[in-house]
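Read the single chain below, which is given as structure tokens and is the form predicted on its own.
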Amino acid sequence: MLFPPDFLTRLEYLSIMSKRVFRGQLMAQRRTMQTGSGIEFSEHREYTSGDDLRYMDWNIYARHGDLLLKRFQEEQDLHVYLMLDSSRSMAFGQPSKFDLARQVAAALAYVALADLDRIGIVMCADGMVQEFPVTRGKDRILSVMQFLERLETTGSDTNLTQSVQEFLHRNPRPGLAVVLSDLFDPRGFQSALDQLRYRRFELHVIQLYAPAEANPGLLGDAELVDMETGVSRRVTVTERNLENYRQLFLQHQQSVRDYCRRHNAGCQQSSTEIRFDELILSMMRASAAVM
């Protein structure tokens, strides 16, 4: 079962625990400086010809003779886009990477909707496959969960660049783009993430992997099948082969971390052995550490 009976209870706990911690980095709420009425007073600035006199601080003028206008900070709801990899390789693992990704997506959607932000879900493979249009309101979480529960992995490989291009062609409002994927893209993952950054999206990567991908227990004759391309090959696996594979896997993981660090993007790498709420709490702690 993708969403157990206590799933909503655990989501509410995560929402309470977050208490705006996510807004330090992952769910950083946008504010704009405006003259006049707003949510929270911020500062004064000097009057210049043409300014609206309605926003003059007449108390300061009466006391000191200074012409100053009030400025306020106005909070704007954040658009959160959950980009969910549904390519063939995401079906691997027990539980599968795709199942964990869908649970994490539901949790992030709940936290965002509870904070009055807007969320949209984009299902990616060799292009955009499906989407849940941008929505707002905590009462929408059941619709989000129903949408996620109906999703299945596709029979295609990963082409994140094509998926992102199709997403950007729709001219979405910039916001936070959370990419949930194993990033096993034969064309490379950097170009897709670059495009999101260039369009002024704040980027957070959640890279998932199965334990057997990090440390496969194979020795001797075996038939290996590439889950992205479907190509199979009979090989004899030796200890040397396994060590070479482990090094390549670690290099791939390091390349993701290096990219995110270089471009100031959030990064969370996790095995599917972890529960979704433990992963979210780990993200909260990481976010709090950089505030």
Partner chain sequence: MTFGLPAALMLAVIALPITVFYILRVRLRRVPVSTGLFWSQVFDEKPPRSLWQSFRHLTSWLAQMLILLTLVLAAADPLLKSSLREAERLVIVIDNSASMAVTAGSTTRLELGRSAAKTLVHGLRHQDEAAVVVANTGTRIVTGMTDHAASLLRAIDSVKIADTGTSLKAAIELGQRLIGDNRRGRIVVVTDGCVCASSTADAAAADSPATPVAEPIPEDSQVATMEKLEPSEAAGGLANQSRVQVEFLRVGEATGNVGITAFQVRRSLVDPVGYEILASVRNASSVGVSCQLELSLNGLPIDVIPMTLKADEQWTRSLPKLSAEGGQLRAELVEIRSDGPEGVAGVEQSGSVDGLLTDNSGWAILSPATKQKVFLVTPGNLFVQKVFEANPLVQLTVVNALPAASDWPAGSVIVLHELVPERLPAGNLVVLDPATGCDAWTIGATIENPVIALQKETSPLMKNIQLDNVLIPEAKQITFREQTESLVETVDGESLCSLWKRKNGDCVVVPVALQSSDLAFRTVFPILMSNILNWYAGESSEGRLTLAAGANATVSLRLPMVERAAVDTAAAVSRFFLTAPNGERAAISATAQPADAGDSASDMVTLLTGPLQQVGIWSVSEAEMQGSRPLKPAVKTLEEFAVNLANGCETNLRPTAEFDLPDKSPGGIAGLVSRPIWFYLILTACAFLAAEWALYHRRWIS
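Predicted, not measured: the structure shown is a model, and the values here were computed from it. Positions refer to the first chain, counted from 1.
Below, we turn to the form predicted together with the partner chain, even though it does not appear here.
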message: Although the partner isn't part of this model, could you tell me whether Gly220 comes within 4.5 Å of the partner chain in the predicted complex, counting any heavy atom of the residue?
response: yes
message: I'd like to know if Gln254 sits close to the partner chain in the predicted complex, meaning any non-hydrogen atom pair within 4.5 angstroms.
response: no
- prompt: So in the predicted complex, does Arg234 come within 4.5 Å of the partner chain, heavy atom to heavy atom?
  reply: yes
query: With the partner left out of view, is Lys97 within 4.5 angstroms of the partner chain in the predicted complex by any non-hydrogen atom?
result: yes
message: Tell me which stretch of 141-149, 211-219, 78-86, 173-181 has a heavy atom within 4.5 angstroms of the partner chain in the predicted complex.
response: 211-219
